[in-house]
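Laid out below as structure tokens are two forms of one and the same protein chain, each shown alone and named structure 1 and structure 2.
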Structure 1
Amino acid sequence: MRHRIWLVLAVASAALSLPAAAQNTPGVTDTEIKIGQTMPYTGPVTAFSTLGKGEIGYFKMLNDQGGVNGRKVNLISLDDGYAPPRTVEQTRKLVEQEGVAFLFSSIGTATNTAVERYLNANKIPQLFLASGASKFGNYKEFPWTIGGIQATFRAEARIYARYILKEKPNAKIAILYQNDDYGRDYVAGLKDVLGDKYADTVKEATYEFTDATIDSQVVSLQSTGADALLLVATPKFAAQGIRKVYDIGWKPMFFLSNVAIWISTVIEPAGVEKAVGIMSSVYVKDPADPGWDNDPDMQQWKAWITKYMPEVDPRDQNYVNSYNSGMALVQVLKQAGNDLSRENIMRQATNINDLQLPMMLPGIKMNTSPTDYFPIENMQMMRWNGKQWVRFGDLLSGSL
């Protein structure tokens, strides 16, 4: 019995991994490219699924304009509720029943980890997955998996660490982070820069997603005498942290993970005046920033969102991210031309040179190579002035 199962598996994977020419890549016809993704349309992080909605809207515009090389992009976006077992189920459904050419921009760290082995074993590209975790750049072990159109958490932490070393070389640093892959990436980033000094200068505290508040951790960190703070938290906890730091009269050099820079769901609930002086970083153009009003790319973006997604809240930055990732995919498909085999798609995705996406900050360019699976590595710092985020300083590289 056991042998028969293995036999079936072997035959199935052999069938899936047959070298495919353009015409017989699953999901590719002369008029259509069918691709798939998973999104949390239900469950605790439903808010993230605006990325998928934005991408569907982007391809709607693309297809109205004729698609790429005469082929329309058909994105099948399925709900996984952010639960890894369901990601596996839905991804297999996309591959084995829907017959998609590849996976594109599925969201989440744990969810993408759950299907990474399956997709790599079957040589199916896992393109531009939406996670900032630095683990998704491991081209040696997972050559079919490439990270998203965003700077990694680890790169972001390195930028903050370098800023601290420059502006306040003797700072005692406190880091308060969510106890999972997301939070630990920032610890790794600090260690990359601080090296041997890490143990002496950094005090850590963690919180769990189930905690009611993080007040206790903030109090503990303050009493260590730290004068710089890096808060690595999802929106609700970030708002709590900003409020508590202010309420207890602690005034550290304060850095906020750019996962939590939202004005409506973090800064306003915490109190706009309590966040004054907080620093974070950014790599995309913010539609709420009037400085971009005359920017032609921004005007095009606004025209797109008004025409294709009139019902959404355009302040949600995921609509900027989805526009960027949609365009990155179009670049890959253009480069691939008529050879749409999975091998060639992956080859093109890892050979993008100095691509300036229209909604990225000017100068932040997308670069990939067979040994560089991190598309975006530069950022600019910004500071909350009580009304809006104000960018300052040069573009900074987050690579080592």
Structure 2
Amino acid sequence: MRHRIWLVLAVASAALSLPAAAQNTPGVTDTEIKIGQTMPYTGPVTAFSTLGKGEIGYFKMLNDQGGVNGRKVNLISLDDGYAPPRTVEQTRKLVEQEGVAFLFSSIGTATNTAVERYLNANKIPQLFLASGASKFGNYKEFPWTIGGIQATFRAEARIYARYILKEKPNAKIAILYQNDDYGRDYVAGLKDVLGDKYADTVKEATYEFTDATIDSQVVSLQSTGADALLLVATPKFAAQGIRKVYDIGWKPMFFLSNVAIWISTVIEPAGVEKAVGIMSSVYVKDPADPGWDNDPDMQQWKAWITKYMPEVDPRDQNYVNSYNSGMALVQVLKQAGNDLSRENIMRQATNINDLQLPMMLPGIKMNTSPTDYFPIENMQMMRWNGKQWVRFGDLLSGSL
């Protein structure tokens, strides 16, 4: 009997000596933190998959350096083809078969929406989504879901609307947007600024991400007499829109949504000369901008991408986004210390104060709180000059 009691006490003592996270959190051991995400490695928006590839490369570097608090980060990145039913299937696989601790940086508004209730019902963190949809700041209804390391689409649209009103007060505005929550967020942002004037000022056209082309929508909007255009599109359609606007001789004040500013997948396919004068917004340092060549953080970023991802096009700013999002997660893990319970991970993700990520523009800092699930709120305007994006003006807030 004494031996049996001693054995029970010894086992209990050993359990108490283990980190709490290793006992209770799926995916966490003394040496590893297993996390998951879904990415569109196939399908209509494969250009966005560079984010996942970059995050895989970032965690390779991190693990070579010893990981976080002695644990390696094991990112399992699965293809969902940008199809919500597939996202549901792959997310359930990550949770129920792979046993990940939480979801991180999965891409897409509709795709993340498809799994939001499932993850919240099971109290599994859905961290730093790769979407700027304002709906992912709804901390009251979905406390386990927090938005991405970017300004929201709605905030971005407010910035463009204010610029238009300042530069061309009587402008007639056209907006061509993807017919889903991603596109509708930009409409909401314009309405926030224009108010009752929206109906008389703005003409709308939409497209489905399964469409072959948006040429007819561009022609239709030109016929309205609009002299300002906001194109809210994923890379394939953004390139089409830029090319069509140029080819029909339409010369509006032209704004391109931030998710489609990539040189290699949008501007070059459209034609670099056809994009001259287009404006967008930015919150990260641009590797193609020689003004950052002597910046120590940029040099460190270039050393990382040269070593871990030598085959990619470093002009694609999604690799900058992946670096920033990886560092944001590392901050959460460092703050969590040895308590890697899902509750504490969420607690730390919503308690970040004035974090200046190395590849963010100076002055743009990451802040979250239990009642603020929007990590980034500022951006800067920029314009394509035929060779590169050139920033201008001050940092702007998209808040109301």
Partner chain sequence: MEAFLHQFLSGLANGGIYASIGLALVMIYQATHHINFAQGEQGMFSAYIALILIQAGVPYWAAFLLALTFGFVSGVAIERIIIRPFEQAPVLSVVVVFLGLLFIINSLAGWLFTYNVQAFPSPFPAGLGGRYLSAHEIGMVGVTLLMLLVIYLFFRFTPLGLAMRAAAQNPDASRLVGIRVGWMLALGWGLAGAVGAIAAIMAAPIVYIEPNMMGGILLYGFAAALLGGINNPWGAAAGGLIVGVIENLAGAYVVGTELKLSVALVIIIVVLVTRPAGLFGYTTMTRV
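Everything quoted here is computed from the prediction, not taken from an experiment. For residue numbers, the reference is structure 1: its sequence is counted from 1. Here the rigid core means the biggest group of C-alpha atoms that line up within 1.5 Å when the two forms are laid on top of each other.
Of the two forms shown, the one predicted in complex with the partner chain is structure 1, not structure 2.
The candidate at the hinge, the spot where one rigid part hands over to the other between structure 1 and structure 2, is Y283 among Y283, A349, P125, L229. Of the two rigid parts that make up the chain, the smaller rotates 12° against the larger between structure 1 and structure 2.
Superposed on the core, the two forms differ at K274, whose C-alpha moves 4.9 Å between structure 1 and structure 2.
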